[in-house]
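Just the one chain here, laid out as structure tokens, in the form predicted on its own.
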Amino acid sequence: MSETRKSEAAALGIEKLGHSYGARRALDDVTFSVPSGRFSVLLGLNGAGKSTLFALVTRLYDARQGAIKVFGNSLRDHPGEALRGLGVVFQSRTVDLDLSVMQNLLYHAALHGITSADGRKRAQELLDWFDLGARRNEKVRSLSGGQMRRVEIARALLHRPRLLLLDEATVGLDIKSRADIIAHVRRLVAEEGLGVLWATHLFEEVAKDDSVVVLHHGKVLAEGPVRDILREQGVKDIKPAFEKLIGAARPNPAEVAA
């Protein structure tokens, strides 16, 4: 694929993706895309399949059904190139509490083959951007929950990915910390042109100028600009739109039995 075509490709393309845990179908024929340079929300209740989807996109699980592409690069055929374009913040915290903020970032930089000098320079730039530069030498355990999340986002951006995935990144945070994290990520989209897939079950984290993918019991019920979905459902807010969509969806008998 030419560089021009790659640049025109969606940041993330998911096509007919499926995954099962034994008899339980966690994802069923999931198809959607995340535009480059946009804040997209993967909206679903706990158990909808959001974390399973993230595990497949990051190759924690092998995607045996369907296709995943990152900027046009197939995760199955060109995994290295696809994953290089991807930064991830998982729901569970993954920072080392007994290392300093800078040590956490430098360790991650080394895993990506970034030299110590370049890694330190890039880490300092990111920590300054996230208002954490002055705390670079402090142990992570001394930070608040929101500050730890900002460290994880900074770490995910060290290798300069063009797509950032965040799985329930504000879980367990207070209202102010949640607002700060969302504001930082939206600023990344506006100023750096990143594509973002923000997975959440919280309706208040969805803005009317976002793109949204509504996931319920492993199925995509709606995809597109929030304003379009609100208009189609005849409502003014995402919560009643979501409720109408899941109310119209028939439950999967196998999942009900499970």
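Note that the coordinates shown come from a computational prediction; the quantities given were computed from them, not determined experimentally. We number the residues from 1 along the sequence you see.
Here the subject shifts to the form predicted in complex with a small molecule, a form of this protein not shown in this document.
In the model of the complex, the residue from Val30, Ala26, Val34, Val212 that sits within 4.5 Å of the small molecule by heavy atoms: Going through each option in turn, the one that passes is Ala26.
Listed residue (Leu45, Leu60, Ala67, Ala190) with a non-hydrogen atom within 4.5 angstroms of the small molecule in the model of the complex: None of the other options qualify; the answer is Leu45.
Within 4.5 angstroms, counting heavy atoms, which one of the listed stretches 190-198, 48-56, 204-212, 225-233 is next to the small molecule in the model of the complex? Going by heavy atoms within 4.5 Å, the stretch is 48-56.
Interface membership of Gln91, the small molecule in the model of the complex, 4.5 Å heavy atom rule: Answer yes; at least one heavy atom of Gln91 falls within 4.5 Å of the small molecule in the model of the complex.
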